[in-house]
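Given as structure tokens, the chain that follows is alone and in the form predicted on its own.
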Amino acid sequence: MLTYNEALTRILAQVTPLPAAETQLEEALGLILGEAIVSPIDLPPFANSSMDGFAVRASEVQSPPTTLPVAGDIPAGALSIPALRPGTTLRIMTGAPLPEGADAVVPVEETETQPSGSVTFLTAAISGDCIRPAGEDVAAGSVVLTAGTRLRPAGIGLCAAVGRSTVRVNPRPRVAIISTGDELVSPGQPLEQGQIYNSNAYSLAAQVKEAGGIVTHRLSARDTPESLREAFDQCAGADLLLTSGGVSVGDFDYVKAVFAERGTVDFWRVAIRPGKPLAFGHWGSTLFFGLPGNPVSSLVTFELFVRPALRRLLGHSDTSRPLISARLTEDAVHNPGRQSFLRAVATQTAGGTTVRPLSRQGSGMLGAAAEANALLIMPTDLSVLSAGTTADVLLLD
């Protein structure tokens, strides 16, 4: 069997980012730029006021109190800007263009308006005060965001500020999910004897969305080759195909065999706990992951293998969760022979990060998994990591 690191390396070696595509700016948050963004304009595009106040010639406001008549108003967005005549001032709003002849803005709170309508300046003006020069932030022709940049909210705003309504980004992977099992029932329906609710369809869809993908299909298949063939055919063309259940060695585990009619199974089984029966392969350009059916095994194997593949498809270089060292607050135990990923709670303290393994580690114990914010990594050859020692921990949150 492959080790965790061997399996992950083998998977990522076969995954390349999706080709960049033109995307509406409002849909590009969190995605990776496939092009450099060059500004065609200065930012700001014109010299403007950074305050509500009065545009002046600084040389005329040097011996406060100084009183000048107000010759007009300049609101933000004004298309016609009067020049500032000597011996006068112009009322100006934040963001409004600086009038010709002015070299300073005095904030309104440093003035007093007289009954006549004139304005008295209570402080001396300094040339350049409260003015944002054209191109102060960005010069026309400059690269404002490089290819490979992950678009955060400020980057989205910057693209809009330089006039871009679309950008070329690595698109969100289209993911199809197939849950297998005769026992599965959709939430909201009554349970009959021997049936369970299909939690994997919902947890996997949430994990896909959290990783940046788009769920295009969410199907259920019975434990028959015919049902699986029909479900697979509906998912043709997806960037990534996920199944849960049916990849072990039971009499009704048909997933690998039916998938092999369409694609290639590169490997199955990894020396980890939970999640030993994991299949990986290709169907044309579609990546295939056959995950175990137990809810916790499904969650953990998605985190360890599927999420990194989705991140690579999106163009991210940081494909895996943060790996840190944390101090154990109590003993962590497992059966040696396979590398274990124990559900755990990591806590940041003044002395560093601590980690507490949860007491319920069964592969069907979804309640404990919902409490966990970390996976504590147990080495293959050790049965116990003692309280007070440090362990490697993958942070999930």
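Keep in mind that this is a model prediction, so the values were computed, not measured. So that there is no doubt, residue numbering starts at 1 and follows the sequence shown.
The form predicted in complex with ligand AMP exists for this protein as well; it is not shown, and the discussion that follows is about that form.
- Residue in contact with ligand AMP in the predicted complex (any heavy atom within 4.5 Å), chosen from Thr149, Thr224, Thr113, Ser199: Ser199.
- Shown without its partner, this chain lists Ala231, Leu184, Leu314, Ala96 as candidates; in the predicted complex, only Leu184 has a non-hydrogen atom within 4.5 angstroms of ligand AMP.
- Across the proposed site, Pro274, Gln339 and Pro379 without exception lack any heavy atom within 4.5 Å of ligand AMP in the predicted complex.
- At the 4.5 Å threshold, heavy atoms of Glu136 stay clear of ligand AMP in the predicted complex, well away from it.
- Ligand AMP in the predicted complex comes within 4.5 Å of a heavy atom belonging to Thr180.
- In the predicted complex, at least one heavy atom of Pro295 sits within 4.5 Å of ligand AMP.
- Using a 4.5 angstroms limit between non-hydrogen atoms, Gly245 touches ligand AMP in the predicted complex.
- Note on the interface: of 127 to 135, 149 to 157, 304 to 312, 285 to 293, the segment with non-hydrogen atoms within 4.5 angstroms of ligand AMP in the predicted complex is 285 to 293.
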